[in-house]
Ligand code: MLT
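Presented as structure tokens, the chain that follows is alone, the form predicted on its own.
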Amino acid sequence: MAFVNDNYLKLKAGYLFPEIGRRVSKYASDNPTAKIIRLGIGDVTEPLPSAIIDAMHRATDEMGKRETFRGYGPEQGYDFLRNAIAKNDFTSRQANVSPDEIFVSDGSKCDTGNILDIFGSENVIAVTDPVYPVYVDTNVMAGRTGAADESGRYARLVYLPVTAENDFTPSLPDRKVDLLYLCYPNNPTGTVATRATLKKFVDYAKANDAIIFFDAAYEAYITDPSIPHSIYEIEGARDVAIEFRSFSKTAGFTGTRCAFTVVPKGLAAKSANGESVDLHSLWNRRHTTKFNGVSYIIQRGAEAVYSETGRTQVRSMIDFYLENAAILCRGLKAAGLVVHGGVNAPYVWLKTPGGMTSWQFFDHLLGKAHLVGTPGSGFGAAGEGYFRLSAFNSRANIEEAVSRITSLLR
């Protein structure tokens, strides 16, 4: 008889976003005339910038000629893209990252889960709460947790609450942890981490021989010049941090798939016998064994993000979504709601009104206003009583959503 991985049986119900999709699909089926506006899943809506499309077209034409056809490429990514990333995303910000420390992939969601392959099961894990569900669920799948309690918190995970009470700034762990997830700009709260906050965590990691997993998928939305875009802007971070980046929300690649992970050379962890092991080499071994690389066509599109025209067009798209977030924030505040985020991030984090739970507000908003958001409790116990709205949508839908919420709460 074949046996399943029993760790999967610990997972709480379905993954958050498919569960939202299931509920919305049922409601739409039962109410076929309802004009539903979806501000739940953070999927982009605007088309890819023309500079990216043009680059992909040229690359597609290359694939049709024998002299320029490409087969398997380097699993770590083509040099033209890795060089562009290093120069524009790191060197330009005085962050010391070399091209051969960059591993191109098909998504940072994948990488934040796959990175666990190179770390032992005995590691103690810390996550902020609320948190992007993938961090928790992949650790459950890998057997690094116990069972979940009634609030959804898993035994053996260390939770660091981020709430209005602590200004959405997590405290350092109150015990020694080995692996620590940070996501800034934060998903789901839409808040950012100051240089002082990141330095505090880098210092903690150095003092405790810990590794920080830093998810910077939304760094392009930072408009405050005092806020770091990369953890490698912090002194000492190369010794303790792995950073994840994505083209999904930066340049609209949710449907084309391209991202990258930075594993600095010299970053190390211990083997069971106490020997120091280079993590760059381990990740390279894992990456080249289980992944055949992102397509050449897509990587040429990603390279175009850094062209002069591409930068202008991508910036315009990001500004469009940030203005959507600003419209949401202004409208929700005017309706009397308590609102956070939405300034340096494409997410708005609001306090549910009238003492409603997160899922009660989800049902209320869907049933009465035909709007879809994301219940805060789906991101963790500390997210209960909060609700996330995404700024990824058309301007008309954002303005209509504000009108509907205002009418609902009037």
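Just count from 1 along the sequence shown to find any residue number. Note that the structure is a prediction, hence the values are computed from the model and not measured.
Just so it is clear, the following notes concern the form predicted in complex with this ligand, a form of the same protein that is not shown.
Check: Thinking of this ligand in the model of the complex, which stretch from 39-47, 353-361, 24-32, 63-71 has heavy atoms inside 4.5 Å of it?
Finding: It is 39-47 that comes within 4.5 Å of the partner.
Notebook entry, point to check: Though only this chain appears here, would Tyr347 touch this ligand in the model of the complex if you measure heavy atom gaps against 4.5 Å?
Noted result: Flag for Tyr347 set to yes.
Notebook entry, point to check: Do Tyr218 and this ligand come within 4.5 Å of each other in the model of the complex, heavy atoms counted?
Noted result: Yes, Tyr218 lies within 4.5 Å of this ligand in the model of the complex.
Note to self: Just checking whether Asn187 would be counted as a contact of this ligand in the model of the complex - the rule being heavy atoms within 4.5 angstroms.
What the structure shows: Asn187: yes, in contact with this ligand in the model of the complex.
Margin query: Can you tell me whether Tyr132 touches this ligand? I mean in the model of the complex, with a 4.5 angstroms heavy atom cut-off.
Written below: Output for Tyr132 is yes: heavy atoms within 4.5 Å of this ligand.
Check: Which one, Arg238, Lys109, His229, Arg153, lies within 4.5 Å of this ligand in the model of the complex by heavy atoms?
Finding: Flagged contact: Lys109.
Item checked: Residue (of Arg144, Lys249, His287, Arg245) lying close to this ligand in the model of the complex, criterion heavy atoms within 4.5 Å -> When this ligand is considered in the model of the complex, the option within 4.5 Å is Lys249.
Margin query: Going through 362-391, which residues have a heavy atom within 4.5 Å of this ligand in the model of the complex? Please give them in sequence order.
Written below: The stretch touches the partner through Arg388 alone.
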